[in-house]
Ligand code: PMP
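The form predicted alone is given below as one chain in structure tokens.
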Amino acid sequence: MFDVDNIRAEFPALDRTVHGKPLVYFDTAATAQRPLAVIEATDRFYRRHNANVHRGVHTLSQEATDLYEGARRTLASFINARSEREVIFTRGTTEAINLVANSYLRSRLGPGDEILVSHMEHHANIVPWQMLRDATGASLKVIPITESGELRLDELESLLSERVKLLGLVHVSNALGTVNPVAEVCRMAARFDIPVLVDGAQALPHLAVDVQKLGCAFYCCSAHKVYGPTGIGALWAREETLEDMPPWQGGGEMISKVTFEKTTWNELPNKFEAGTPNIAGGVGFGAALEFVERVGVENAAAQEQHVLEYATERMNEIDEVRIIGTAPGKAGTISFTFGDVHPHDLGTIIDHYGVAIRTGHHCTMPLMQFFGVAATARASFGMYNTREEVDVFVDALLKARDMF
């Protein structure tokens, strides 16, 4: 049975106070809090196993390698990859997307070719493609969305053609909470042999992800969104795709043999992991995924939906609130405006009541322009949030309203 009180006890940061008030942490979409399992795994690595991986023959190096590669196997299992060779550790989703842009797509693009992205993408799934567009003469086209924040599949149909060399799509919108029909989009794209890259940063904590069932070519994720450390994430792609891709960065570990005349590349996944990796981060990533597996993704998602529905209901009682993004089946995120109050002012005020929310454009400036706002406030939920916290949040909003 899912017991939210027991879950909360696993997250030390939730015990603290802010301005003398109990912390209400509604900023999980920016970064999740860390459970003891992750904190302790990272601490234990540094206390007992700290050494560089892969190249050492001494005991600590072998222990560190086993822990780091064990985390890779855990992630491969978590997303149902066929092999851990298909999992490339990166600094996060952003680096994973840039890896694909530079290693896979750059050599395949030229004038007349096209890249597709949706109007709800994070900047990390826009800017790398713009950089390629400008360098190659290709064009970047945008899949429209509805006023509720849903993908316009009818418009997507008309944009698909042999000219499209890649389609980039967010699985769960960080600004809206919209859960996109990735598998359906992949089926549509497959008719034209278009590879689909999925930004899964916000999906991994909230959905059961099966890369084989989704049918995408690339899946990118970040550990810190799924209760793990910052500075570590991953790219998944099929082994045969990765074998055909050249390395993006050069250095140690990604090589098999180096002479001044020629270098040969290491095997997967090492070919794409130049230099000393974030070893402790990888260990913490594995611990986070194991923690989520123990809790159960479905159990966590059910708690988040429970809180999301209650928060939506309570916020709709406030005349000044305009919720941005009302797609059905959302993940645990609510973006909103609050009358004429600037989101930054609102966030500052309710922080004094212990409530942490995110304010700004959420790295989705084109999306903000679509909805006609410069910024929004955003409350986002994790497995540890409760209805009681929603009441504190709403009460803080009402107190803020009284100040204007």
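Just count from 1 along the sequence shown to find any residue number. Model, not experiment: these values are computed from the prediction.
Below, we refer to the form predicted in complex with this ligand, which is not included among the displayed structures.
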Of the listed stretches (241-249, 206-214, 90-98, 179-187), which one has a non-hydrogen atom within 4.5 Å of this ligand in the model of the complex? 90-98
Pick from Val283, Ile115, Ala237, Val172: which has a non-hydrogen atom within 4.5 Å of this ligand in the model of the complex? Val172
Between Val295, Leu109, Met254, Ala124, only one gets a heavy atom within 4.5 angstroms of this ligand in the model of the complex; which residue is that? Ala124
So in the model of the complex, is this ligand close enough to Glu304 to count as touching (4.5 Å, heavy atoms)? no
Answer with yes or no whether Asp199 is in contact with this ligand in the model of the complex, where contact means some heavy atom within 4.5 Å. yes
Given that the partner is absent here, does Ser222 sit within 4.5 Å of this ligand in the model of the complex, heavy atoms only? yes
At 4.5 Å, heavy atom to heavy atom, what parts of 367-393 sit next to this ligand in the model of the complex? List them in sequence order, or say none. none
